[in-house]
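One chain is shown next in C-alpha cells, namely the form predicted on its own.
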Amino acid sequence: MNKIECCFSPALYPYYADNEDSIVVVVDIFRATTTICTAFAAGAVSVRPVSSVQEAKKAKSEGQLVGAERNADKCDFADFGNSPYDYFPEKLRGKTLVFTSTNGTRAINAAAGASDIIIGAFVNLLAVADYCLQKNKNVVALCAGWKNRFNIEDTLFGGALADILTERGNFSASSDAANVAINLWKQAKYDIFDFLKNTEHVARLQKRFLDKDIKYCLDINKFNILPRYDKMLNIIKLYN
C-alpha cells in the first residue's frame, strides 16, 4: 500500500526527508503553480524556477523572459508577475521563462532532493492524480503555504489529491495531516470559493482587486498538462 502525505509548509519538508523516493507534488494555488501550468498551456517550452529576486534580475539583464512576484505584487523589472492572466501564447509560445515567486519557487527548491517532483494545482488536478496512479509510488503533497506558514488553499489541494488516490488506487492516507486535508476538502469541494472567502490569501488578493485570479485558480481540471521538474537541468518541462 502506497502512502499519500500532506506537508503543510516547506519548513516542515525536512521531516519528510525519508520520502525522497516519493513523488513530491509542489502546490501553490494562489498563484505560482497555477501560473506555471498556465505558462505551459500558453506554449512555454520550459520554466526555470529561481528563489531570489537577484537571480531573476540577472536573467532579465541577460535578455531572458522573466516572471517575478513578491508579496503578491509584480516586480517592477519583470515581464510578467504571478497572475495567470499575464501569460499569453503571443508572448510565450516556444519560449523559456525564468520565474520567481514569494512561496512557490521556494517550495520547488526545498524539494530538490526528491527523485520525482511535479507541479500541481487545481487547474491540473486530474493530470497530477493520473500520473501518481500510473507511477504507483508514495506521494507527498508539498504545500507552499505563505512564508513557511500554513494556508488553507494548498491544503485543500492536498486533500483533493489524497481523496482521488485513496478512492482510485492502492493508496492510504494514514497520517494525521493527510486526514485533516481530506476532511477539509470534503467540506469545501461543493463551493471552494465560498469556503475560502475569509482566508488570508484571498483577502491579500482582493485588496489588489485580483478577484478574477482567485476564480481562475479554483477552476478544477482546466488543463490536461503535467509540468515536471528536471533537477539536473533546474528547469520544469512538460511530462509527455
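Residue positions are given as counts along the sequence shown, with the first one as 1. All of these numbers come straight from a predicted model, not from anything done at the bench.
Below, we refer to the form predicted together with another copy of the chain, which is not included among the displayed structures.
- Listed residues 147, 168, 137, 74 were compared with another copy of the chain in the model of the complex; 147 is the one with a heavy atom within 4.5 Å.
- Interface residue among 46, 51, 64, 174 relative to another copy of the chain in the model of the complex, by the heavy atom within 4.5 Å criterion: 174.
- The stretch from 115 to 123, 151 to 159, 77 to 85, 96 to 104 that comes within 4.5 Å of another copy of the chain in the model of the complex, counting heavy atoms only, is 151 to 159.
- Taken together, the three residues 34, 40 and 206 all stay farther than 4.5 Å from another copy of the chain in the model of the complex, as judged by their closest heavy atom.
- Proximity of residue 185 to another copy of the chain in the model of the complex: non-hydrogen atoms within 4.5 Å are absent; the residue sits far from the partner.
- Although the partner is absent here, residue 216 is not a contact residue: none of its heavy atoms lies within 4.5 angstroms of another copy of the chain in the model of the complex.
- When another copy of the chain is considered in the model of the complex, residue 220 lies well away from it, no heavy atom lying within 4.5 Å.
- At a distance threshold of 4.5 angstroms between non-hydrogen atoms, residue 200 is in contact with another copy of the chain in the model of the complex.
- Contact residues in stretch 76 to 114 (any heavy atom within 4.5 Å of another copy of the chain, taken in the model of the complex) are absent; none meets the cut-off.
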